[in-house]
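Single chain ahead, written as structure tokens, the form predicted on its own.
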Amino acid sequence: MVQNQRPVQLFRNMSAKIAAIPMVLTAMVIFVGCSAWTIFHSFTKSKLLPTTKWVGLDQYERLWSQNRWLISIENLAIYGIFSLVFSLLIGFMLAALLDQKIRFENTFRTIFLYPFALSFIVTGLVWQWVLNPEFGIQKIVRDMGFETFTFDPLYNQEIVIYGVLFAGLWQGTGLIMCLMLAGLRGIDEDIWKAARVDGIPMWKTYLLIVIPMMRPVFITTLVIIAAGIVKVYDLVVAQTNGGPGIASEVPAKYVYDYMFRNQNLGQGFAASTMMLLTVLVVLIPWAYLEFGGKKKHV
């Protein structure tokens, strides 16, 4: 019975499938083709122009022996872990508060989402001013009488990546809030009523009932956050330009500098290939959880 239905399902929505062919072909040529071209040239001695002179794993050995690349990976890990945790936590908490049908909900939702409408360059410049010790938070607090107060994360090599993290959370948390709020609004009202009748505390309702039901929303949100983490570039450039020194270097900036400033395409291709592997590490589990783990029985 299942085998007889498969040809019918194959020809279902044929007009939509035919309309999607140009998009699929474009994606295959541009994404798959360009990715394969990049990976191939990461094993070559390409400098200013691509070349086919094969050098094997030399570019990767050089890549992982450079302190600048190792610092960029460390920064990406710190930024990624904290961004992932705090984006989900703050976004869900804000969504839970707005889901209580509070007054001026639309106003608060607009305020929280507004930073996401700004570009990362604008966000980086704004937070560069906010964290500047000459006229930012440090100066304001000192003018209030706290002369010894110090808060200059963008000028401290040990904590500069956390200054970048502040800006990233400020911009991206609003989007996460909206995604979570949409998921919460999709929960059947009868579930909330049943939980109240049974006397289940609110926090247990969220933890044991609501959050498991929002699993698809959480998975999609995780993918969106992870994709933004891997390609973070303009925020760093606007705030610190990788400084002080190379303390706030990130992989995307490393790739850009080697490909366009240092005119070393082979090294840039090797770094971008490593970034591609990072993206695949995120996408493959997501694809499995969304599609591979689902079994349909007829």
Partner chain sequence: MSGRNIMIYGTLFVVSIYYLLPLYVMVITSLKGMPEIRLGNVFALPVEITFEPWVKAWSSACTGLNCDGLSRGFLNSVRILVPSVLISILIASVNGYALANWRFKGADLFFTILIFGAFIPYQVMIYPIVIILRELGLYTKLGGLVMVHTIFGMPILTLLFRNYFTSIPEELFKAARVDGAGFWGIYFKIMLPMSLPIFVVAIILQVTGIWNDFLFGVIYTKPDNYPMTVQLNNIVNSVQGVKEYNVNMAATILTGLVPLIVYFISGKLFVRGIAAGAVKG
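Numbering follows the first chain given and starts at 1. Just so it is clear, the structure is predicted and the values come from calculations on it, not from any experiment. We call the rigid core whatever largest set of C-alpha positions still superposes within 1.5 Å between the two forms.
There is another form of this protein, the form predicted in complex with the partner chain, and it is not shown here; the text below is about that form.
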query	finding
Partner proximity in the model of the complex: Pro115 to the partner chain, non-hydrogen atom cutoff 4.5 Å	yes
Contact label in the model of the complex: Leu84 to the partner chain, heavy atom within 4.5 Å	no
Non-hydrogen atom contact Ala195 with the partner chain in the model of the complex at 4.5 angstroms	no
Ser272: touches the partner chain in the model of the complex, heavy atom cutoff 4.5 angstroms	yes
Contact residue in the model of the complex, chosen from Ile78, Ile140, Ile187, Ile200 - any heavy atom within 4.5 Å of the partner chain	Ile140
The unique member of Val210, Leu179, Ile73, Leu88 whose heavy atoms fall within 4.5 Å of the partner chain in the model of the complex	Leu179
Within 4.5 Å of the partner chain in the model of the complex: residues from 113-137 (heavy atom criterion)	Leu113, Tyr114, Pro115, Phe116, Ala117, Leu118, Ser119, Ile121, Val122, Leu125, Val126, Trp127, Gln128, Trp129, Val130, Asn132, Phe135, Gly136
Displaced residue check between the shown form and the other one: Leu280, CA, 2 Å or over, core reference	no
